[in-house]
Structure formats: structure tokens, C-alpha cells
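Here you get one chain, nothing else, as C-alpha cells; it is the form predicted on its own.
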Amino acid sequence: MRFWLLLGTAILFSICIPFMVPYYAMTIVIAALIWGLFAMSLDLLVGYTRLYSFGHVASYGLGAYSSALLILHFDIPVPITIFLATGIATLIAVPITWICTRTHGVSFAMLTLAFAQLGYAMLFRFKEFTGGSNGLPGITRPAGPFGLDFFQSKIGYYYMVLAFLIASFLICRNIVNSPFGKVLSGIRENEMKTQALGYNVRNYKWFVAIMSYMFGSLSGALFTPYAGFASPELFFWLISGTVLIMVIVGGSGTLIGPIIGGIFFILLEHELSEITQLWPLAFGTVFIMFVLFFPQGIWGIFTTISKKSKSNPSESGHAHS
């Protein structure tokens, strides 16, 4: 009940955001939600299975370019484009994740990075389709069914992104709380013991990698209609490092934490960049502080404070009696 109360409050607050912030600020808010979704997708690997991917940007780039090509070549409503682009990117991810999950530890991380860099190189090799270094600019949001233009506005697109984020969170929550998710936790804590109990560890890692790439490609598919372009930078390895920071700062292994971390990262980056040109230095300092003093992340801090506030009244009651 406490979870659903918190979730309901967060949803109601999110629904009211367009009426609380200036219209131009909705651009930053939409970007924050998309990055929150992207960070949550990586948390399935990092937080629940302890598979550190240095090339998770491949899922983001695949979703973004799939969405861009569908919009440029077909007159399909935006929500359908998002679903199709996510499906295409997920199908491409199946063989990639199969190869990557045949390895362990550093080898897994390096293989994911290699595939991301391969995708980056292919953008320049097949420039007649991808636009090469220029990317694919001039992408508009097609009208919906019956000519409805709701998703063409910032507010309409915000509500669509919010709906995708909420649905993705609930699906991921059901996954990690299911028997399948419990096996993932076992792999995270002791892979050898989990395998000794009779579980096919490789298949479990493969399936969770596919799901992680699916939600990552969904965030990329949402990015292109929002930004109006797709560029090679969406495949660049630095984005993988950025989203990993979001997971750590928000609190890995919690799902909600990485979403908060993604939103926190985008908002902080926006505010710091307006104050000083040295904002990367300031943000790096914030990240170091979290790693050293708050390794549990933002969500971990919140839950710790919540637990202490609950225990204090009972302690004071016992002391009084």
C-alpha cells in the first residue's frame, strides 16, 4: 500500500508539471524523463544481475535511428512509430546480447563496448541511409490517427513519454519481483552457486540483456521525435559512461533510483551550465561525493531517512514507558 501510495502521488505530481513550469522548460523535463528511462534500462543489467555494460549506448542509438528512419520513410503516427522502432532495435539486439553474454566480467563489458563502436562506425559506412556525420535532421512528429496533433505539441509529447516511463517501470518491477528476477539476484550475489542449483545462468543473462536493450531502445526511439534529429553522437561510448553515472547516483538495484538519477543529472547539468562554463568539473565533484559518502545513491538516502523517522517514535515511546 505504501508503494502504491507513493507511486500514485508521483504520477499525480507528474501530471501537474506542465501547469507548474514554463512552456519552454518542458524541453528539459521531457529530456529528463527519457534519460530516466534509459538509466532504468541499464539498472536491469548493473543493479540486478551485476553485468556492467560499457556499450549500452548501442540500444539507445538503435532505437533512435530506427525511429528516425520510420518517420522519414513512412507516414505513421508517433506512438506506433515508437513501438515499431523498439521492436526493430530489440530484434537487432538479440544476436548482439547472445554473443556478449557468452562471456563474463570485463570481457562482457568490453564486448558491449565493441558492438557500440561497431554501430558507430557503420553509421559512416552506410551514410546513404544514416546520413553519415550529418545524421538525420529535419525529423517531425507525424499527426496521430484521424489527423490528431496532440503528440505534436510539447505537452502532448510529455504525457506520452510519461506514460511509456510509468508502464516500463511497472513492467520492470514485475520482472525483478518475479521468480525470474529472484534468479537474477542469485546470479548477482553468487553466479557459481546459482548455476550449481541447476539454473541455466547463460540464458537468464541473455534474456535480461535483451530486456535491458529493449527498454534502452525505447528511450532512444522516444528521443528522436522529441529532438527532431538523429546523429552519430547517439552511438558514442561516452553516453554509456553518462548513463552508468546516473544509475550509481540514483541508486543501483532499485529501478526508481536510476530514474531519479537520470532526472537529477539532466536538471543539474542544465542549471550548472547556465551558471559556469566549468560545469563538468562541478558535476564531477558531485559524482565523487556520492561515490565516497553516499554509495547507496539518492534513493538509498531517502529510504534510510524514512526508516529512521519510523523507528524514532517507537524508540522514544519505549524510553518514556
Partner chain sequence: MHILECQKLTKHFGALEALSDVDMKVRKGEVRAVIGPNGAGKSTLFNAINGVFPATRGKCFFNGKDITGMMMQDIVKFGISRTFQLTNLFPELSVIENISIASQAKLKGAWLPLGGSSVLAEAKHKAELALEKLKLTDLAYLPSNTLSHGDQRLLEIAMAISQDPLLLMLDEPTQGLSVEETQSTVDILKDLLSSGDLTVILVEHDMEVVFNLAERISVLHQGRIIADGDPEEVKASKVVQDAYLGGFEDA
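Numbering follows the first chain given and starts at 1. None of these values were measured; they are calculated from a predicted model.
One more form of this protein should be noted, the form predicted together with the partner chain, which is absent from this view; the next part is about it.
Q: With a cut-off of 4.5 Å between heavy atoms, is residue 154 one of the residues that contacts the partner chain in the predicted bound form?
A: Residue 154: no, not in contact with the partner chain in the predicted bound form.
Q: Is residue 169 part of the interface with the partner chain in the predicted bound form - any heavy atom within 4.5 Å?
A: Heavy-atom contact with the partner chain at 4.5 Å: absent for residue 169.
Q: Whether residue 180 contacts the partner chain in the predicted bound form should be assessed with a 4.5 Å heavy atom distance threshold; does it?
A: Flag for residue 180 set to yes.
Q: Verify the contact flag for residue 186: yes if a non-hydrogen atom of it lies within 4.5 Å of a non-hydrogen atom of the partner chain in the predicted bound form, no if not.
A: Yes.
Q: Looking at 111-119, 131-139, 186-194, 156-164, which lies within 4.5 angstroms of the partner chain in the predicted bound form, counting heavy atoms?
A: That would be 186-194.
Q: The partner chain isn't shown here, but in the predicted bound form which of 229, 236, 206, 199 has a heavy atom within 4.5 Å of it?
A: Here the answer is residue option 199.
Q: Which pick from 244, 210, 92, 175 sits with a heavy atom within 4.5 Å of the partner chain in the predicted bound form?
A: So the residue touching the partner chain in the predicted bound form, by this definition, is 175.
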